[in-house]
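The chain below stands alone, shown as structure tokens; this is the form predicted on its own.
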Amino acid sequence: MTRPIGFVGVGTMGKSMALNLVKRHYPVTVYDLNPEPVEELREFGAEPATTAQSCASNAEVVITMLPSSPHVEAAVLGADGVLDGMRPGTILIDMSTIDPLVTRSVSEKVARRGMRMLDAPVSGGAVGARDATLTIMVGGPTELFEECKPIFEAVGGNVVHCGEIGMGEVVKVVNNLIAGVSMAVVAEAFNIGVKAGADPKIMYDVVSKSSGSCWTLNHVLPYPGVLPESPADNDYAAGFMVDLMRKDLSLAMSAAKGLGAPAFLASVAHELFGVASNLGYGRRDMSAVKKALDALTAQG
């Protein structure tokens, strides 16, 4: 039997995820500061809510999918927030990518009110959210993970229990560090090749079958006319935004500092995504980091 779900945060990723839950016949109530996606989801059968609190009030499971740690703290712990609407026994699943220390702090406050929590950040971008093929990295008690697994399987294709609360976030930060650095280096390498006169299609044909092949090369190559459904062919329309990657690289750098570990490549990639953001591409797909390299490349 499907459980009533409250879904807070129905932006680029959350809207598709909520829609997939509706398609699986879950009763879904949705809330977002932006009313437009809420209205779109209403047309598919979701129930709109006017606050995060009301979104949570009739749910057995509340999912949050928000941009950053402060957004999660405000939506869950703030006035008219999720925690005020949840009843004892309700489960909170935070699918945002945030600081693991914030995850654990929120979890402690949730537990003090008689509720349970999992962290479950995702990877796979807008296409993965649309197609319900996301990889989901879950932190929290094993029995709670198993209880919620059908919900995860409604929105994702690869669901992994990573350990105690907060460990989903740790694994996600590691993943996005790799994705961010690889995105930056793919853009940098192709920029050099194109500047030297190489054809991007020929470079892709070679590199994709060689040791330089990687996920960012094969899914979000920042040159149009090479890949099907590439953001570069749609004015870098967001899948995973530049500003979100910049935020995730900041999380990786913060974690490294706390552990006394180096994060040299994270730092360089973070700066490059910062240049792209400052050029006005912060809300474009992360492959728009190419625009930073265009601006930094000598002309002539």
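Position 1 is the first residue in the sequence shown; the rest follow in order. Quick caveat: nothing in here was measured; it's all calculated off a predicted structure.
Below, we turn to the form predicted together with nicotinamide-adenine-dinucleotide, even though it does not appear here.
Q. So which stretch, 228 to 236, 262 to 270, 246 to 254, 22 to 30, is the one near nicotinamide-adenine-dinucleotide in the predicted bound form (non-hydrogen atoms, 4.5 Å)?
A. The contacting stretch is 246 to 254.
(Q) Between nicotinamide-adenine-dinucleotide and 8, 14 and 67, in the predicted bound form, does every residue show a non-hydrogen atom at 4.5 Å or closer? (A) Yes, the whole candidate spot contacts nicotinamide-adenine-dinucleotide.
Q) Which residue among 86, 126, 167, 177 has a heavy atom within 4.5 angstroms of nicotinamide-adenine-dinucleotide in the predicted bound form? A) After the contact test, the surviving option is 126.
Q: Scan 106, 136, 75, 186 and let me know which has any heavy atom within 4.5 Å of nicotinamide-adenine-dinucleotide in the predicted bound form.
A: If I apply the 4.5 Å criterion carefully, the residue I get is 75.
Q. Can you check whether residue 201 is within 4.5 Å of nicotinamide-adenine-dinucleotide in the predicted bound form, heavy atom basis?
A. No - in the predicted bound form, heavy atoms of residue 201 and nicotinamide-adenine-dinucleotide never come within 4.5 Å of each other.
Q: Indicate whether nicotinamide-adenine-dinucleotide has at least one heavy atom within 4.5 Å of a heavy atom of residue 61 in the predicted bound form.
A: Judged by the heavy-atom cut-off of 4.5 Å, residue 61 is well away from nicotinamide-adenine-dinucleotide in the predicted bound form.
Q) Is the gap between residue 71 and nicotinamide-adenine-dinucleotide in the predicted bound form 4.5 Å or less for some heavy atom pair? A) Yes, residue 71 lies within 4.5 Å of nicotinamide-adenine-dinucleotide in the predicted bound form.
Q. Counting only non-hydrogen atoms and a 4.5 angstroms cut-off, does residue 241 reach nicotinamide-adenine-dinucleotide in the predicted bound form?
A. It does: once nicotinamide-adenine-dinucleotide is placed as it appears in the predicted bound form, residue 241 has a heavy atom within 4.5 Å of it.
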